[in-house]
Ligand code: HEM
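In the block that follows, a single chain appears as structure tokens, in the form predicted on its own.
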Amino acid sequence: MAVTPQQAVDAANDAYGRHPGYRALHAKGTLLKGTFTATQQAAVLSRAAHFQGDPVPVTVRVSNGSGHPRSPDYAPDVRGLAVKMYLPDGSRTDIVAQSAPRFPIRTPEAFLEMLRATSPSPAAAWRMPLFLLRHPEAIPCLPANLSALAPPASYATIPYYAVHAYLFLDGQGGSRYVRYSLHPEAGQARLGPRRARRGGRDYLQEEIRERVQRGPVRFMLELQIAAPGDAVDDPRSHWPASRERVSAGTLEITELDTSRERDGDVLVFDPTRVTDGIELSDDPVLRFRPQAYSDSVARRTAS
């Protein structure tokens, strides 16, 4: 039986509780703003407006994966980096990325099972082994993903991965599938559990605010280009490291964004919000995500 968006959001709420006004997942985060400036290589790959070289303004949200808005920043967790780009014609396009480099399942139904299996409860002791028994294809993803749960020194010192593939269309009729990743200019740094705890429950939120006051935070947007035969509709698929990679531009975060998510403003980062020059793959998880977001928004904004 196909999973519904309501069931997916219910599972997140069951795991982390219902918190009016907050997202079902990635509930705790910080909004920032800056610009994205593409490289010439990006313009060759896609005719999309934000890849033509002129800086475009962006809203960025860094977050913890938990659905609890008071989750401690030192807890092992997936971290998120979401980017909304404001295009010259008034439209928008989004990139949604996470610190875990591998996505262990390929369907919304399996995602629901995984969410229930990994929810912080005593039942996880038996649910997770049962999930892996039912989905052994998820096991190869565990080592890289588990290491990515370690608390970072900053949201600015870890890479982020957009696990879905997108079809890039260039100006000459060519096309190729790509995946995004974002790499920190500051380098990578993580903390041990004790040191992270000493930072306090909100050390990541506090640190990123202080960091952007000192100067810009930058990430390089990298594209990995699929080769013929690479699976592009399966978020579990791991393309070989030998695949071509292209530096597509610089995300520069310059200040806090205090103008959004106030007085009823609802900000949604949607990985299916694309623009001319970029098309979605047939990845079933990618196609399902906006439906779940819509249900989450309805609950988040309910009076």
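Computed from a predicted model, the values in this text were never measured in an experiment. The first residue of the sequence shown is number 1, and the count goes up from there.
There is also a form predicted in complex with the ligand; it is not shown, and the following applies to it.
Colleague: Would residue 164 show up as a contact with the ligand in the predicted complex if we use heavy atoms at 4.5 Å?
Modeller: Yes, contact at 4.5 Å.
Colleague: Would you check, heavy atoms only and a 4.5 Å threshold, whether residue 81 touches the ligand in the predicted complex?
Modeller: Flag for residue 81 set to yes.
Colleague: Taking the shortest heavy atom distance, is residue 16 within 4.5 Å of the ligand in the predicted complex?
Modeller: Contact check for residue 16: no, nothing within 4.5 Å of the ligand in the predicted complex.
Colleague: Although the partner isn't part of this model, could you tell me whether residue 269 comes within 4.5 Å of the ligand in the predicted complex, counting any heavy atom of the residue?
Modeller: Residue-level check for residue 269: yes, a contact with the ligand.
Colleague: If contact means a heavy atom within 4.5 Å, which one of 242-250, 43-51, 23-31, 273-281 is the stretch that engages the ligand in the predicted complex?
Modeller: Flagged stretch: 23-31.
Colleague: Checking a candidate spot here: are 68, 155 and 190 all in contact with the ligand in the predicted complex (at least one heavy atom each within 4.5 Å)?
Modeller: So, no: the whole triplet misses the ligand.
Colleague: Since exactly one of 131, 111, 74, 168 fits, which has a heavy atom within 4.5 Å of the ligand in the predicted complex?
Modeller: Partner contact (heavy atom, 4.5 Å) among the options: 111.
Colleague: Please pick, from 138, 97, 223, 148, the one residue with any non-hydrogen atom lying within 4.5 angstroms of the ligand in the predicted complex.
Modeller: The residue in contact is 97.
Colleague: Within 4.5 Å of the ligand in the predicted complex, which residues of 272-295 have a heavy atom? Give them in sequence order, or say none.
Modeller: Heavy-atom contacts to the ligand in the predicted complex: 285, 288, 289, 292, 293.
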